[in-house]
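The chain below stands alone and is given as structure tokens, in the form predicted on its own.
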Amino acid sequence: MAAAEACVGQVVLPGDVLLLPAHPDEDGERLRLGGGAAPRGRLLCGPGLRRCAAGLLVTKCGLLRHRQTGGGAAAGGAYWVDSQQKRYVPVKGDHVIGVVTAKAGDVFKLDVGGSEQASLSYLAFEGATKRNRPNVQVGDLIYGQFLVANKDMEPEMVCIDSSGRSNGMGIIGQDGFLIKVSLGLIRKLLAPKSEIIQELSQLYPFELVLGMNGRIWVKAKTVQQTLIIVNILEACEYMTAEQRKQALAKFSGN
């Protein structure tokens, strides 16, 4: 056992137990599972960690990370394990890119890269009714979010938010290029003010759809520009910031 604060930035292995700092909460509750804003004095348990009697139980191999939620040490924060994982496990609320593999009555089956296919109702689109059905064909790319995702039930996706709006979700255009990268690179690209996205936007104008399941859809003005951006994105995982800038400098003159 080791203190969680002392292990931040270090490699942790499955089975390790991390001790949490003591908090003077009257109810004794020190940890809340899930996302969202953390109440003052509480800690959030992120991916790769599980609550146990002694503190936090590590379930993935990687680097332990910690982020303050504001207000100093008394405001708690979030702990998670930053790991290089390629296999995707569906999580409720995740936005993913799925490929339509079959139509089964009123439900579409989508390949999302998980252990089983996800289901998507034809009514889970903005403005969809029994008469006005979306034109979804086998092989189409769908960008949506998980409404149901747990180990005991089939994953269920929707293309609308809580207010019934598509909010950018739905069928992705026919043109473009779909690639598969690691989940760690996806988290880097989705980070606020991502340096990779900012540098690429100065190279060519392009459209980009990022799925938490490790899939990226790219579309630029020409096929050549699209392939250049795709190759840079795939290489970003193994390049340093300086190497990435040198590679972008070669294409900026073209």
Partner chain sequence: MTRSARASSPSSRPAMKATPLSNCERRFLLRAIEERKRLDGRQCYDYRNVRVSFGADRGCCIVELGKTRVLAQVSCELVPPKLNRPTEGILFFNLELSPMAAPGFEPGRQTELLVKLNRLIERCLRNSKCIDTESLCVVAGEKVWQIRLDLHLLNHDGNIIDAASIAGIVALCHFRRPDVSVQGEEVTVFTPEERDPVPLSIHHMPICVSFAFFQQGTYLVVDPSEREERVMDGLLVIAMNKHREICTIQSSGGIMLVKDQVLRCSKITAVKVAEITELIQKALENDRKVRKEGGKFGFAESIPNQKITTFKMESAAVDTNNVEEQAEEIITKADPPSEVFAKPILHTPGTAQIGEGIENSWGDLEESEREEAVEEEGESEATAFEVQKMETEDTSTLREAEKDEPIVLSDSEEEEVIILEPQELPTKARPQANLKQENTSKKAFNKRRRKKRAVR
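Numbering follows the first chain given and starts at 1. Since we're looking at a predicted model, the values are computed, not measured.
Keep in mind the form predicted in complex with its partner chain is missing from the figure; the text below concerns it.
> Given that its partner chain is left out here, which of 128, 107, 179, 147 has a heavy atom within 4.5 Å of it in the predicted complex?
Replying inline: Selected option: 179.
> Does the 4.5 Å heavy atom contact test between residue 153 and its partner chain in the predicted complex come out positive?
Replying inline: Residue 153 lies outside the contact set for its partner chain.
> Is residue 119 close enough to touch its partner chain in the predicted complex, meaning at least one heavy atom pair within 4.5 Å?
Replying inline: Residue-level check for residue 119: no, no contact with its partner chain.
> Does residue 134 reach its partner chain in the predicted complex, with heavy atoms at most 4.5 Å apart?
Replying inline: Result no; residue 134 lies far from its partner chain in the predicted complex.
> Closest heavy atom of residue 99 to its partner chain in the predicted complex, within 4.5 Å or not?
Replying inline: Heavy-atom contact with its partner chain at 4.5 Å: present for residue 99.
>> Using a 4.5 Å heavy atom cutoff, which residues in 78 to 105 contact its partner chain in the predicted complex? It's fine if the answer is none.
In response: 82, 83, 84, 87, 99, 101, in sequence order.
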